[in-house]
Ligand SMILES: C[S@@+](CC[C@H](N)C(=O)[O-])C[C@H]1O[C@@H](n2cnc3c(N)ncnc32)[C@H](O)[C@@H]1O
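Below you'll find only one chain, the form predicted alone, shown as structure tokens.
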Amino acid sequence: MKPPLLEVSGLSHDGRGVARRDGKTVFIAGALPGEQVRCRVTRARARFDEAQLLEVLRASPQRRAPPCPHFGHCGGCTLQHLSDGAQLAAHQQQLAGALERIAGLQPGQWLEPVASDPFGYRARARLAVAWDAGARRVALGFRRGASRVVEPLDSCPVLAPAAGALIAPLAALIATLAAPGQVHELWLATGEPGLALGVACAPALDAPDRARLEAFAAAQGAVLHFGVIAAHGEEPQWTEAGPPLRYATAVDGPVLEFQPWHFTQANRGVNRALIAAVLAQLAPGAGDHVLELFCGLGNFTLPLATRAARVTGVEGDAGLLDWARRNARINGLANTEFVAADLAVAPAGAAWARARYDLVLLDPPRNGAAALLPALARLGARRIAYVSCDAATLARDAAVLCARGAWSLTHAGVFDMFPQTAHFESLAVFDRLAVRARER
């Protein structure tokens, strides 16, 4: 029986085409809005089906040939077949749709969307390594979608060129090691300037293999780090740390030091635009005390400290806090304070949560900041800026903040941090309604 024709009406949050068949939603990998397609259902669920694209009978005018030969296999990119402008528009629609559908909200003003260089923007990557002992072949790359299989890459167009150029020679080198199966991950990171390579192993490599990797890194001008994975599923323990990399938060802004395994935004240009937007929206004054939740190693904290009287950064990772303090010292910003706290739970009377603040910034992980929202009402802040990498959890938290007329969503916008993927960063700004009433 010939597969039926389906009309694709939209994109899902993960970049798949959305269609309807017999009253049921169908998610079609590789299909685009406005297209007429044939597909084959690969998984039927109670409320929706998942399908494989078989044929495009009417193509979207925004469809293009993916520039990477690994597209469709590698799990790193999902939207290379969609034009860059259409990707940005789709992200805007997803943010607006999530706010409307989940929270019943529209911002008072949409911020101008921030686009990115479409390729060569990714300053860091964590690559998987798979060793085929029978074929004596190394697969080095990202895992295929919804799979543990590693797609072997020769290059990657979204990686910074200096990092991408290491992929093929590293795969060839690992295949010649005495114990190639002990290398499980490679961490690549670029600085401004600088290049670093982290090699995560289980167990640790012997001296001859280490020496070969050291010689390779030296020839490439890269700082080399070795890490050991103690047990399956655990993060590597980096037992040796070379000199850190650096990046600037603005042309004349604070400069932050970091190691390849630290969380930093992968897109330096869009990160700077996001920092500038946060500063513009919060507009801290010389007398303001700012609270930043999920501060990391100081990406927003230090730029805020150049304008505010005082900034308190709270973070759950004690190691990152050490680097945040280090970065504050390097930049001569003594008006910062850093506090370690588990932000996945309510603060329960913590000293930082009993203080008063003029402004608040949140930059939580993908699961949002639900546990912290009740405490925000007690801090006395006049404005909240919320940076999010997940539109759905942002909308969920926005609904709580705006419930019972406590806060108003004044601004929202999209920052295209990860072109060629379904991921993007958002910024939402909330004003305390009592403050707005007084200002009028």
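Remember, it's a predicted structure, so these values are computed and weren't measured experimentally. For every residue, the number given is its place in the sequence shown, counted from 1.
We do not show the form predicted in complex with this ligand, though everything after this point is about it.
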Among 311, 295, 196, 95, which has any heavy atom within 4.5 Å of this ligand in the predicted bound form?
295
Exactly one of 103, 167, 320, 217 comes within 4.5 Å of this ligand in the predicted bound form through a heavy atom, and that residue is 320
Heavy atoms within 4.5 Å of this ligand in the predicted bound form: which of the stretches 352-360, 82-90, 227-235, 339-347 has them?
339-347
Does at least one non-hydrogen atom of residue 299 fall within 4.5 angstroms of this ligand in the predicted bound form?
yes
Under a 4.5 Å heavy atom criterion, is residue 265 part of the interface with this ligand in the predicted bound form?
yes
Just checking whether residue 284 would be counted as a contact of this ligand in the predicted bound form - the rule being heavy atoms within 4.5 angstroms.
no
Does residue 72 reach this ligand in the predicted bound form if we count a contact as any heavy atom within 4.5 Å?
no
Using a 4.5 Å cut-off on any heavy atom, which residues of 3-26 would contact this ligand in the predicted bound form?
none
